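Starting off, we have a lone chain in the form predicted alone, written out as structure tokens.
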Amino acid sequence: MKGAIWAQALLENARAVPGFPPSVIVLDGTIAHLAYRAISILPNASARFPRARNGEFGLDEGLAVAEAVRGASGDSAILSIVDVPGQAFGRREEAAGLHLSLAVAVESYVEERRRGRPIFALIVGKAISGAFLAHGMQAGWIGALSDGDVEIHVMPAASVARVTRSTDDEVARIASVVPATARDVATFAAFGALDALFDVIDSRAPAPAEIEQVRAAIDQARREGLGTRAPADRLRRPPAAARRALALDVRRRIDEAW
């Protein structure tokens, strides 16, 4: 529920937008007198697809997010509040077109950003796999709470251990040696993927000063035009040059070959 907590905390004069499933909260409001639409995914124990009942990003969620993004008023920026443990993997969900639902959510963010709508994301919990790709990764500016509950990766640690037949301790040891396999927010930031980290005492009960710090950072980023940057711009940041040198070299060689 941290997504709802932070969406409601950050927006001034917040009002809920009706017509969305219980698993998707959509709020319109302001930050520093500028219009924003905040969107976050919530657990829904009565969701019609069983694998999307614990906050996962499923079929209904993807379509709802796309509708929320495209339906924002012309002067509103989008603020994606991210706390998603992954996409809703399941036989029913896959057969019904889970990949298409995620794709339409991604497309909505990309199209609106390219049209000039500022897109911001704040990671307050888990940002795992395709769920993060569909909701948050396309933002021009990404911030995150410097909090132990924040986890960013392509797979949860438990899933990695199961797939690789490793213990949790072995997975943690590998992450300490190979940074790309780590899932903590500090390592993610070290690759140049984040624009800001915010210290909080209790992410489930943010203090007024902590809320104001995040608001101020988002407002400054919007006034500087950072919300419309493409994700590829993260590769040009100083941390990326230091920590992603091989990836940058591979990209350069591919560009030269093509």
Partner chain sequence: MTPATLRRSYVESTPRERIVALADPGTFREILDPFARCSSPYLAEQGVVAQRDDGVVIGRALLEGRDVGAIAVDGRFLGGSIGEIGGAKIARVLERARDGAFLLLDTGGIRLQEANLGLLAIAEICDAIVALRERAPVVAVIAGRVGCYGGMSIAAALCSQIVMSPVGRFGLNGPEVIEQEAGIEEFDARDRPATWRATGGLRRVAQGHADILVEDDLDDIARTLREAFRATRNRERLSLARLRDRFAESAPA
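Note that this is a predicted model, so its numbers are computed, not measured. Numbering follows the first chain given and starts at 1.
Note that the form predicted in complex with the partner chain isn't included here; everything after this is about it.
- With the partner omitted here, the residue from Glu210, Asp219, Glu67, Asp28 that has a non-hydrogen atom within 4.5 angstroms of the partner chain in the model of the complex is Glu67.
- Residues placing heavy atoms within 4.5 Å of the partner chain in the model of the complex fall in a single listed stretch, namely 223-231, out of 210-218, 36-44, 197-205, 223-231.
- Although the partner is absent here, Trp141 sits far enough away that none of its heavy atoms falls within 4.5 Å of the partner chain in the model of the complex.
- Interface residue remark: Asp149 is not counted as part of the site for the partner chain in the model of the complex, having no heavy atom within 4.5 Å.
- When the partner chain is considered in the model of the complex, Ala186 lies well away from it, no heavy atom lying within 4.5 Å.
- With a 4.5 Å cutoff on heavy atoms, Lys126 does not count as touching the partner chain in the model of the complex; it lies far away.
- Contacts between 70-97 and the partner chain, taken as any heavy atom within 4.5 Å in the model of the complex, involve Arg70, Gln87, Ala88, Phe89, Arg91, Arg92, Glu94, Ala95, Ala96, Gly97.
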